[in-house]
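First, one chain by itself in structure tokens, the form predicted on its own.
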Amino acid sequence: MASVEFLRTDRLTRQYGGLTAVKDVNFSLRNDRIHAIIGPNGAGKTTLVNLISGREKPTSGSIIYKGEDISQQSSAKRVQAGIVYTFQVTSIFRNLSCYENVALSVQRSLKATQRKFFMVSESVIANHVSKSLGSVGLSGKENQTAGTLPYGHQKLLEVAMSLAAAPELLILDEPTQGLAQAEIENLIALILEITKSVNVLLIEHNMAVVFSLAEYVTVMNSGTIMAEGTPSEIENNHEVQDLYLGN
């Protein structure tokens, strides 16, 4: 099936007093694609995905998701609609087991689609937890306390929690930060597997990761989009080389 646009922003702007973090951004995401956003620190990348995920509200402009204006929807409503954002800093519950961490995400996701006092059976939860942990290679870690996992496995647990929310769009913010090279390679393989069924929006400073994963790249600078294209087009863009790639 041909790739089609399922999310776009129209002149999206976010101001903080006299600072404009995102300015008149027209951005679009198509399905069946790994889309990366790159740019120097302070370029507006995280602010843009905060706006898309609902963690922040725009000063002006709009966000259209599957034909609906979601600009003023809460982040919780957007999770229900399929937009799930993993945070740059691992946001697991360190004192709970891996099973309990993922089970909380499952319960939130399932209850969001049912009436307010719907009770989710333990067998249904267990099935979703097992599937989510297995998808990131953490089968057998169900009873381990999350805070005792190696850092790389904590990041995988966070991805499992995100997958348990049944996303249509998964936003990954610096997923390889703090990982060893072997862990990065495993995470790349995992993301490629995830994208067989989920659209991925990736913010990443590691250009080797970006160019090995992304099918399309948006480059931001000073709150605006300065370039877009395939990895090859971006890699050979002289303005991008001067600004960000150091060539």
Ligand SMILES: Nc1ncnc2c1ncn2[C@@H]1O[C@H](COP(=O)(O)OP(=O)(O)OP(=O)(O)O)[C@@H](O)[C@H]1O
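All values derive from a computational prediction rather than experimental measurement. For every residue, the number given is its place in the sequence shown, counted from 1.
Below, we refer to the form predicted in complex with the ligand, which is not included among the displayed structures.
Q: Since exactly one of T218, T46, N199, S53 fits, which has a heavy atom within 4.5 Å of the ligand in the predicted bound form?
A: Selected residue: T46.
Q: So, in the predicted bound form, is H205 in contact with the ligand at a 4.5 angstroms heavy atom limit?
A: Yes - in the predicted bound form, heavy atoms of H205 and the ligand come within 4.5 Å of each other.
Q: Look up in the predicted bound form whether G178 has a non-hydrogen atom within 4.5 angstroms of the ligand, and give yes or no.
A: G178: no, not in contact with the ligand in the predicted bound form.
Q: Examine A21 and determine whether its closest non-hydrogen atom to the ligand in the predicted bound form is within 4.5 angstroms.
A: Yes, A21 lies within 4.5 Å of the ligand in the predicted bound form.
Q: Can you tell me if E174 lies within 4.5 angstroms of the ligand in the predicted bound form, counting non-hydrogen atoms only?
A: Yes, E174 lies within 4.5 Å of the ligand in the predicted bound form.
Q: Want to guess which of 184-192, 33-41, 207-215, 59-67 is within 4.5 Å of the ligand in the predicted bound form, heavy atoms only?
A: Every other range fails; the passing one is 33-41.
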